[in-house]
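Next up: a single chain in structure tokens, the form predicted alone.
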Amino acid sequence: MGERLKGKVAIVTGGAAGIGRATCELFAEEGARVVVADVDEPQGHALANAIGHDGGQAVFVRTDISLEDDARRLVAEVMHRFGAVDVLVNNAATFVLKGIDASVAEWQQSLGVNVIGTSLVTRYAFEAMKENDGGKGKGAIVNLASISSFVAQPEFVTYSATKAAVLQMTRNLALDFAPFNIRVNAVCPGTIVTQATERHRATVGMSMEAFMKLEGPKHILNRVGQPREVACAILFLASDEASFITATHLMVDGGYVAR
């Protein structure tokens, strides 16, 4: 086990699967006390138990980040259990992939989770982080933006608009939180093999082989990414190794946006 997050308390929203799961596992390996926040109770509990079985520390808190009461309760429960919040990873997202034909309900779902939900959890985590270091404040927040924050993609407007908002939210919050020694950064993954991409692939009726042949060459490394590769970037931004980095984004996209 490493020690880059030794003794720190880290909340990971959407932590039960995909990039969130990989982040929880890596954080635990690096000494963090991990809070797995997710709507998926079976997978969330199973992950927390697995981390504990491997010698790490983790708890699961069922959380729908689009609900303010859930966001407030999440941070309150973490404070009750551990007495601090040092790191927040805003990973939870909903993948509403629609064009201009998106309904009001689909827009509200996408914005409610990806933008408003992210801001809600951040609001309450910020209040906790301000009390760190004897009231001087300290913390690190890592938001999950995307290549979709930068590039145009067909029939992606509902998702891309929210990820562009997350990127700008990152910059604004970094400015607002800097007086409290709280850093805010974002990672921007390319195509990553997760349950979400699996659902998208199945929805469009594409085989895994066809999906890889289509998506891989879009990245200059000629392949798609794995959740652990994104988790490593999140770990860096969350750790003290990135102590002079804030208001920025780290591309984890295999060179996708460089074309």
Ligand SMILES: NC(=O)c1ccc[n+]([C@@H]2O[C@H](COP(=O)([O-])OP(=O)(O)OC[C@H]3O[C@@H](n4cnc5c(N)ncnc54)[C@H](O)[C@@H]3O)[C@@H](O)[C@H]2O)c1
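What you see is a predicted model; the values in this text were computed from it and never measured. Note that residue numbering follows the sequence shown and begins at 1.
The form predicted together with the named molecule is left out here; the points below concern that form.
Contact between Lys213 and the named molecule in the predicted bound form is not found at the 4.5 Å heavy atom cutoff. At the 4.5 Å threshold, heavy atoms of Ile192 reach the named molecule in the predicted bound form.
Contact between Ala17 and the named molecule in the predicted bound form is found at the 4.5 Å heavy atom cutoff. In the predicted bound form, the named molecule sits within 4.5 Å of a heavy atom of Phe95. In summary, among the residues Met129, Leu144, Val75, Ile141, the only one with a non-hydrogen atom within 4.5 Å of the named molecule in the predicted bound form is Leu144. The listed set Ala28, Ala231, Leu47, Ile65 contains one residue whose heavy atoms approach the named molecule in the predicted bound form to within 4.5 Å, identified as Ile65.
Contact with the named molecule, judged by heavy atoms within 4.5 Å in the predicted bound form, is confined among 132-140, 167-175, 96-104, 183-191 to 183-191. Contact residues in stretch 109-128 (any heavy atom within 4.5 Å of the named molecule, taken in the predicted bound form) are limited to Val113.
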